[in-house]
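Here you get one chain, nothing else, as structure tokens; it is the form predicted on its own.
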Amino acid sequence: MSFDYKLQPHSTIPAPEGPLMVCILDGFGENEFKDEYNAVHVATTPTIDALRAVPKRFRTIKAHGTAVGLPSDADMGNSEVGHNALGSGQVVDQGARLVDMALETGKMFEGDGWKLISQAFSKHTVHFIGLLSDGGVHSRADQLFGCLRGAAARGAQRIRCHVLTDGRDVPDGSSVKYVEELEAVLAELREKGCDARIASGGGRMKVTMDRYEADWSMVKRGWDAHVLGKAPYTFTDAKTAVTTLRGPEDATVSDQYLDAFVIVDEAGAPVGTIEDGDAVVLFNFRADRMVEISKAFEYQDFTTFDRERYPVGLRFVGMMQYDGDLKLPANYLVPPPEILHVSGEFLVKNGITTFACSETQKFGHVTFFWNGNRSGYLDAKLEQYLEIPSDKIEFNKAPDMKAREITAASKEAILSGKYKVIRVNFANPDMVGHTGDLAATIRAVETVDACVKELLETVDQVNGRWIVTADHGNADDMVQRDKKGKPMKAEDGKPLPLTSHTLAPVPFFIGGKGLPDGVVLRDDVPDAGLANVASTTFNLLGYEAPGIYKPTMVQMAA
């Protein structure tokens, strides 16, 4: 039975003369802690301040936990699940929750992906590659531990872990703790007769975990370390590797940027290269930073960089399938969430044109994730996706990133008259916030505020409407806090930087010269979250929202 995508005119809100712009301020939360460590609060933001002051056209919405399909409200939101919710109008169980359920029920160990890797259990090595932390954005250490114990209990004779240190979704410096926890689990497995060790590693922003093909050299560094056993540094144990590469206290290297390392035996030989017949598991559940390394493992004719050696008979799986359109990887441990009837499908099937723009670091979020994890266009005749290449540097060194270029391109699209929907994402508050550099993050927020002003003025020129919101918090809290909310400081008195996302709600604004005065935010949906944005978008376009979506947040006042 075919699904009916026909949109009906709204009963009280007329269609706009100009386009509707949806602007996402990535990592821009509305935090309860309004002190000097809240970059959103400290920054000079006359545009956003003015929007907050407009009655009945500003509110906050939930962007974390169960509101975006994560296991609990203690789980931080992230850009992947946030844009899934924004684009689909629905809340679906997401990666972390799906993996939890697969482990809890044991279904992970019954699927085709597990059957594939189990072929290596008796005579070959099973390798686990991924981000070692409990940040819950890309992976969780307890899920890795569950996989390791599951493999050993089911006959795996030799296990090697290739660990990427975090310092981004968790406090910087916590890499040592996670390595110690993993080593304890591996020791437990060795006591039961399984040869289990850490084999290689490196920082997540230096090794393996590139995304959107921004820097393939990261992936090559990972391949060299994990597969070939080649890296700038060798150590006999992972804890020594991490503590040494972090350097002295007065010149500490962030966990994110640790150089690649390889663990060697007493003779100096790597303890865990990936060989013919071995199995490889990428244990991250989030897709964006696993696609490139998946291509290197999956495609025998891969040519993006010289792999030097490709293991014959490799049994390769992802924790999940990271790209549904590319069917990449072909084998996986946990089936992906099925997100159907996303807002983009309604738009193209009703002939509504769309322009989507961001820079490389967030381009997939306003396209792939927005479209329910689908690559490419839904309808190339009606959509235009524009990627502005990101700088290949640490983002606090250039906190403006590509905000001005995104603004210029989006203004041109607004004025062109070609598009009824303009979708824009500014990466700065999130990507600079992840560096822990408070001053740079304040600058990033101020830059974005100025760019938003230009976009709103441009929408007004063509009598359009707009939504301004965010996908999760980050820049709104840049310091670690104790249970009472008091900023925590190191022994030298310096504040301990917070580089992760936050649990804060995010702002939601509506407006535009083309928006009738009577259109206001409802006060009867107090628990609204990111999934409520899609219905609101359709209403502001002059259509009734699809019945399968979370309720709209707007109404025409009586």
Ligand SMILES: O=C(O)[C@@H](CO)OP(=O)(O)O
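Note that residue numbering follows the sequence shown and begins at 1. What you see is a predicted model; the values in this text were computed from it and never measured.
What comes next is about the form predicted together with the named molecule, which does not appear here.
Among the residues Met478, Val424, Val137, Met319, the one placing a heavy atom within 4.5 Å of the named molecule in the model of the complex is Val137. Though the named molecule is absent from this view, in the model of the complex it lies within 4.5 Å of a heavy atom of just one residue from Arg374, Arg211, Lys420, Arg197, which is Arg211. Screening 172-180, 150-158, 375-383, 71-79 for residues having heavy atoms within 4.5 Å of the named molecule in the model of the complex returns a single hit, 71-79. Looking at His127, you'd find every heavy atom of it more than 4.5 angstroms from the named molecule in the model of the complex. A residue is said to contact a partner when one of its heavy atoms sits within 4.5 Å of a partner heavy atom; His434 meets this definition for the named molecule in the model of the complex. Among residues of the shown chain, His226 is not one whose heavy atoms approach the named molecule to within 4.5 Å in the model of the complex. Contact check for Glu30: no non-hydrogen atom falls within 4.5 Å of the named molecule in the model of the complex.
Contact residues in stretch 489-504 (any heavy atom within 4.5 Å of the named molecule, taken in the model of the complex) are limited to His501.
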